[in-house]
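In structure tokens, the next block holds one chain alone, the form predicted alone.
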Amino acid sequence: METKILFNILSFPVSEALFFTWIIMAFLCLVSFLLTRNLQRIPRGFQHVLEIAVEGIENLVLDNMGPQGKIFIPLILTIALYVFTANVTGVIPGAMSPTSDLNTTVALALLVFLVGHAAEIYLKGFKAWFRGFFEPHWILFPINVVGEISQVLSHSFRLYGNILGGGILVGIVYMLAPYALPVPLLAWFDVIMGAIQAAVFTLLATVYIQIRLN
């Protein structure tokens, strides 16, 4: 899918995916501020729902990484919120899902990759991290490097392919049966699919970081 350039800021091209990413970032910042400015000690209503969601992410991270994973909870939670919002943005008329652009998913996968390796260097030291590429035998060094690269590619292409393919599929179904399947039903399908793919991407991000910590 060709990246569409909307406009330029000086000599910097702003693609459609980047533009909607900025909108999503601003939206999430605003919503986070509004929802957390009057927190109550005893949660009720929507605050209770939010705390259940946050607790779910905390349990996911701690169950996989143990106590040392507590520092990664804000990162994993941010990834989950962004990916879900980006996945379902395409439901809005005139908008697009930034995660249907390969540049976005590769950037997210690279972020997870770099955080995992940086955490391993911090916890184990540079020598232990570098030595890991030559284990269990030095002759496997090329294979280990290819394995790291393939991890980034599979993480990014899985999300990109599912969101892009899902959008194309929904568009085809609507063209074939615009009256049999109303728009709200198709939009609801997009939301469910977006939530599932966000959960998968978040789980994989947690696992990939956890692998580096072991």
Partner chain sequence: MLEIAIIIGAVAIGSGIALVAGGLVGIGEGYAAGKALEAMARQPEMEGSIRTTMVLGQAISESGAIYALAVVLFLIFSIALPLLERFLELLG
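Residue numbers count along the first chain shown, from 1. Just so we're clear, the structure is a prediction, and the values are computed from it rather than from any experiment.
Although it is not shown, the form predicted in complex with its partner chain is what the next lines describe.
Colleague: Please identify the residue among L35, I168, V54, A26 with any heavy atom within 4.5 Å of its partner chain in the model of the complex.
Modeller: Contact with its partner chain in the model of the complex is made by I168 alone.
Colleague: Taking its partner chain in the model of the complex as the reference, which of Q40, Q68, N59, S150 has a non-hydrogen atom within 4.5 Å?
Modeller: Of the listed residues, the single hit is S150.
Colleague: Is F46 close to its partner chain in the model of the complex, meaning a heavy atom pair under 4.5 Å apart or at it?
Modeller: No, F46 is distant from the partner.
Colleague: Given that the partner is absent here, does Q197 sit within 4.5 Å of its partner chain in the model of the complex, heavy atoms only?
Modeller: Output for Q197 is yes: heavy atoms within 4.5 Å of its partner chain.
Colleague: Would you check, heavy atoms only and a 4.5 Å threshold, whether L203 touches its partner chain in the model of the complex?
Modeller: L203 belongs to the contact set for its partner chain.
Colleague: Can you tell me whether L164 touches its partner chain? I mean in the model of the complex, with a 4.5 angstroms heavy atom cut-off.
Modeller: Flag for L164 set to yes.
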